[in-house]
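Form predicted alone, single chain, as structure tokens, below.
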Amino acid sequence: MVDTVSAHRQPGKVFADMAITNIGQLLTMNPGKGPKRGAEAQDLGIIENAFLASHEGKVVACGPQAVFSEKVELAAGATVTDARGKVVAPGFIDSHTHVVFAGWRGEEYGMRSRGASYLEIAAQGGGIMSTVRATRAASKEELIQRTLGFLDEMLSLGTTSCEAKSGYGLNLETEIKQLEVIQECNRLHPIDLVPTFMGAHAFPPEFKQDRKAYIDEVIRMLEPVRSRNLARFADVFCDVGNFTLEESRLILEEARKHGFELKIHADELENTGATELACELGAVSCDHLIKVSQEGIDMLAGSDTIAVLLPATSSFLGEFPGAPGRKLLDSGAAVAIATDFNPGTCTAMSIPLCMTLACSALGFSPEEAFVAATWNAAWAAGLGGTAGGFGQGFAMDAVIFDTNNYLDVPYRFGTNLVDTVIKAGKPVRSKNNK
């Protein structure tokens, strides 16, 4: 397979300012239209003994190494990285994170390990509200530095794009502060951040006795967030103890009127019908799905809404096996996986760890896990058709793994095999030069 662009310098050649050569296994994801389902979700589009070339941050060609010199003209001073037979894959796309927050909640982990439930911890003032208090108190500068540190760690683990939610403010001032931190970190850091407004994450204590008043407040927040272009998506935590199905519908319908694309935290703690609501409203994704119903699975299979599964969260909470991954895949649903990085229910930032858990606990094959963490994750994060695979014009976001077999990425549990990370055609992280 060779993809080319029209801007040739020599007849039959494409011009490139960056190339990776001598790739043992190149995982192109065989780019097509839309998320992958069924048998397509097993297709990694592998080219052995391959090259990958880009110009100005976009892929211009890939194919067998034997035709590299025939197909590619390198610019003067071009960066050429010899992969020495290693695996190269698209950078991971983490399509569900809560990366902007202050404080940690280790005490709650101890409580949960001793038998306390998520709802019991929340009733004692812990849970989301613990992080809300810390995030409200933190300055924007403190949150920026903290978030940049998290992003550095994610980059070292092969993540090149991620969705990032607000939701630890629960008032306009702090929600705006979180979203501005996301905006600034997107400017400062190689990882591309896709912002999500999640004022409907929980009910703050000042509105504990008046749910309707807070729902009205969330709806009022939509206009200033959207008018300042601070978020692409709006998300709601639709679950027991949080927002009801009717409340979630109201907020999401208003968000759609304001031009937001939709996401839903769905059916994590109990089955509420949130997955069905996501499909009905045409949400880009519904996430968690530990308690999803068969009706919800059937609706996902017949819809464009992507099921984003968070296996590190379910494992961290002791929910085994977690979401019905195999059933969702076999139904024909489009499935992605993400970390859900947050201070309360998943402190992991590693997509390879989530791939392992998807295979070992949720019934994925390694190939399905790769597709779910790259190609399908791109669609769940609003980046479909531009990232998550290696086709003509796609972002040159690539990871070189220190192995000659892609199976090692999920198989070698707990080991970081990332050798080099390339973002927009530039090496931004390597083992030898962090």
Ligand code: NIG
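Counting begins at 1, following the sequence as shown. In this text, all values refer to a predicted model and were calculated from it rather than measured experimentally.
This protein has a second form, the form predicted in complex with N-(iminomethyl)-L-glutamic acid, left out of what is shown; the following refers to that one.
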* Which residue among Thr345, Thr356, Ser248, Thr272 has a heavy atom within 4.5 angstroms of N-(iminomethyl)-L-glutamic acid in the predicted complex? -> Thr345
* To do: Flag Tyr109 as yes or no: does it have a non-hydrogen atom within 4.5 angstroms of any non-hydrogen atom of N-(iminomethyl)-L-glutamic acid in the predicted complex?
  => no
* Heavy atom of Phe237 within 4.5 Å of N-(iminomethyl)-L-glutamic acid in the predicted complex -> yes
* Does the 4.5 Å heavy atom contact test between Thr159 and N-(iminomethyl)-L-glutamic acid in the predicted complex come out positive? -> no
* To do: Considering only heavy atoms, tell me if His96 and N-(iminomethyl)-L-glutamic acid come within 4.5 Å of each other in the predicted complex.
  => yes
* Asked: Counting only non-hydrogen atoms, which stretch in 277-285, 336-344, 318-326, 82-90 is within 4.5 Å of N-(iminomethyl)-L-glutamic acid in the predicted complex?
  -> 336-344
* To do: Counting only non-hydrogen atoms and a 4.5 Å cut-off, give the residues of 155-181 close to N-(iminomethyl)-L-glutamic acid in the predicted complex.
  => Tyr168
